[in-house]
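What follows is a single chain, given as structure tokens, in the form predicted alone.
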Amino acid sequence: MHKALDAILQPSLESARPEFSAILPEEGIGEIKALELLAPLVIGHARRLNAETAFAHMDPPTPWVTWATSLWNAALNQNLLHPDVAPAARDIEDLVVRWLAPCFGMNGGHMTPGSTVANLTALWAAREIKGIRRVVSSTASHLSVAKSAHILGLDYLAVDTTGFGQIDREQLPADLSDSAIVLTAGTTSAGALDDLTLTGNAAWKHVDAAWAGPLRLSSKHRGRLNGIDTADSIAMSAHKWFFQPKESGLVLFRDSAAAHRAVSFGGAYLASPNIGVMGSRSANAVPLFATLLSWGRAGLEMRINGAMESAQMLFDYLDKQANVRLYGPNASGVILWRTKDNTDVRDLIDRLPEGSASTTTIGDLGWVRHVAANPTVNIDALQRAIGTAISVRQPGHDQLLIRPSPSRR
């Protein structure tokens, strides 16, 4: 076996031990044998996003109905570029968009592989329709915003944030008439929510709601996104709080007809113009349609509300710990903390169950990060694990710096 390949695969090979070669084999081993060799790697060594203490990333466990419909997609290999290849799948995407767009004050849009492409598509439309020359967002905005500006040949300005990671309106340029302002509903590091009513005199207002956008479908939490309906465009990742498999996202527009005309190209081999960045693309609306059809708005709301409640319970627990410093409030289900005695964040993570926490850096400080993407998390088990991780004794004292867990509501 090639040494470089062995070094990459070694942790998995200890249990799977397939006879991989660094050179493409001349003769295949057949489908059954290939699956037998791959299962211990792909399945056996994957992170369990539905584990009882999984609370680390913006990646949720997916409902089983998406597994079935994803297999349908793989078997049928529909291509939404061509109406005659995917007639039902195109209609399903149109219906999903019609269901969701009004929740955000938009009138249409289309599916994308995620919010990176959705952000690029929205800013491309802004350039074509409004002639923007600059993109303005906060230093906490997703890297895809700066990346999109670069791809589109636009200037990019990142303005400072407040102490809790929101865009600082006082730092915005006085004149935004040549700019698209990008506001974030749920920053990647801290889940901060920009003031979505903010517009100024920007030529175009885009909201990157990749993470927190689905809060709009919760009667309890939709007010956190007040102002999102004044946007010209919105990006969302359906593979976050819509609980979809990768790669699934949406771009929505206030005037989708104008936006789609601006980002459409025809071709001799096309029966209808190709809309957006993607050419050939899969029927990723089918699993989302199946999920929404299965759960309804109320079922989706129940899972989002449950995730937000778990995040708040964790926040309340951490707030009671004498040796814990919290970064900010529970704005959108992302909780950051570190110890007051400056225990190394990486060391804290290593003491916690695998998949229960991640790290992020804000300024010069590292933080332990939890994300409420798993609606089935056992928050009591996670709190016990954190309690063990932060158990320290004060010099000259015997009592632990741990406070009781708040009672479950």
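Worth saying up front: this structure is predicted, and the values here are computed from it rather than measured. Residue indices: 1-based, along the sequence shown.
A second form of this protein, the form predicted together with a small molecule, is not displayed here; the remarks below concern that form.
- Contact with the small molecule in the model of the complex holds for none of Gly165, Arg224 and Gly328, as no heavy atom of theirs lies within 4.5 Å.
- Note on contacts: among Ser332, Ser233, Thr184, Ser148, the single residue with a heavy atom within 4.5 Å of the small molecule in the model of the complex is Thr184.
- Shown without its partner, this chain lists Ser179, Ser282, Thr161, Ser144 as candidates; in the model of the complex, only Ser144 has a non-hydrogen atom within 4.5 angstroms of the small molecule.
- Only one of 202 to 210, 288 to 296, 263 to 271, 224 to 232 lies within 4.5 Å of the small molecule in the model of the complex by heavy atoms, and it is 202 to 210.
- For Val65, no non-hydrogen atom is located within 4.5 Å of the small molecule in the model of the complex, even though that partner is not displayed.
- Heavy atoms of Gly276 never reach within 4.5 Å of the small molecule in the model of the complex, leaving it off the interface.
- Among residues of the shown chain, Ser237 is one whose heavy atoms approach the small molecule to within 4.5 Å in the model of the complex.
- Interface residue remark: Leu352 is not counted as part of the site for the small molecule in the model of the complex, having no heavy atom within 4.5 Å.
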